[in-house]
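Next up: a single chain in structure tokens, the form predicted on its own.
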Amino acid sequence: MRKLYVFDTTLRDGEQSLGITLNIQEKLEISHQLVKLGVDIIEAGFPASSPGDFEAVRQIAREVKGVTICGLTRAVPGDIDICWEAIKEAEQPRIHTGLALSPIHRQYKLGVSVEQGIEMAVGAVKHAKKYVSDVEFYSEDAFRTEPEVLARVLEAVIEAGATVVNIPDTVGYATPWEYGDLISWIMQNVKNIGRVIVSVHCHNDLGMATANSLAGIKAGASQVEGTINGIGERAGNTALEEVIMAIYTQPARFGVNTTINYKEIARTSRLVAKITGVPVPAHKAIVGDNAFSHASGIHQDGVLKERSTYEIIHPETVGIPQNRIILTARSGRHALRHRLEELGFHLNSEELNKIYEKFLRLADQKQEVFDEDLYALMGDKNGANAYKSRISLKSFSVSTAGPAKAMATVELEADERTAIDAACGNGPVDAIFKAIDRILQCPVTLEDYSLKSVSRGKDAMGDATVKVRTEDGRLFVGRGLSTDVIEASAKAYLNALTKVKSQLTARG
């Protein structure tokens, strides 16, 4: 079997589609988790797109080891120069450059002839080779490019020194048989194709990104590009977890293997969903809440007798535990540590004591603490509150006079000082948000607010997500967790505003 290289573009193609600004710490947290997952290449961003993206890519290149760090560019020398400055400290740097040569792009976007486009492509690859040995060329909108034109540009960039050629279905227009045929045609008709790795990059506009990617792999591609949870432009990118597990279930069919650590799939999915504020649909393949649930009595009977009757993948394989320890307020530290370790969290004594205190406070409010609650507790420690906030919610109170009238009093603590203010609003959540606004004086517009349960039962924890937009148009996501939904909402809003204030402070 040949090696299949897994190229993750969550931080580039995924993040640019969300309309939000992930801070450097959030991008680093995702990057480190991707290394644990075992991806081969992390496309850290588009350095020339903004100073913030440049700095994020540079920090990832400095700190994240054991993986190729890639930066995207246009086929423009200036972009390539900036990209090199961002990735030059990486252990294994790669520059990903290219352009579109499909008829519609040549005519309406670039205004170039085929010959001019090929000249630009070759020039970009040669310029990138001055900096790195590993250069990937993307032929944007490859599926809608004439085959003979595609062959000419691929042959030219390979001669110029490209080590990987990327064949994107940029607008998700292909069907699996057509995309597989395209990769087969390339393998047979591009005379120097044997000197490079062929990569597939598919979008999900017609719901076929995973199928198209698998068809391309079967046809000979040795690199797959995608994102965690399938986030990306428009309807999204290929969901890497789906491709990986399709190959896992039937490796002989595709003739490839990967170095993926399957048990990190679920944790990676949760982390990306938490940080980006983009929830995973319950029925999402592999990582959705219902992916390993059996509601039908017939299915339940079959699974209890023999799991393989209705399970082609055991949930433990992707890091979703099946067996549960019943945790209550009477459970001790040993039981909590055991269950957390089964979930993949390994804590020292000091960390365990801090989490145990939170666990007891939660267990006092619930008859049973479920795995989802533990994930939420750990997320509150490592995720929503891992952002080094110096502002915390010390206390609050809300009084209402009907569904549309409320007054909230909020006490915040920052740098060992407290501030108290009150505000009226259209309901308790609106009132508490306005009270926080009065204290922090941070002008933002609330773009979105959502609240959901992250565990089971009427005493489940509430997970609040808010998205706020700054005056300069940037979007920030905040998360808050609590069994009190008002407190969860207040924490989420405060978390978002803390990020905004930090960014404003950093910019001077």
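From 1 onward, residues are counted along the sequence shown. Quick caveat: nothing in here was measured; it's all calculated off a predicted structure.
The following text describes the form predicted together with a small molecule, which does not appear among the structures shown.
- Scanning S269, N204, N166, T258 against the small molecule in the predicted complex with a 4.5 Å heavy atom cut-off leaves one residue, N166.
- None of S184, S222, Q92, T170 but one reaches within 4.5 angstroms of the small molecule in the predicted complex through a heavy atom, and that residue is T170.
- Interface membership of H96, defined by any non-hydrogen atom within 4.5 Å of the small molecule in the predicted complex, is confirmed.
- Heavy atoms of L72 reach within 4.5 Å of the small molecule in the predicted complex, making it an interface residue.
- R12 belongs to the set of residues with a heavy atom inside 4.5 Å of the small molecule in the predicted complex.
- Contact between F359 and the small molecule in the predicted complex is not found at the 4.5 Å heavy atom cutoff.
- Contact with the small molecule, judged by heavy atoms within 4.5 Å in the predicted complex, is confined among 259-267, 282-290, 147-155, 196-204 to 196-204.
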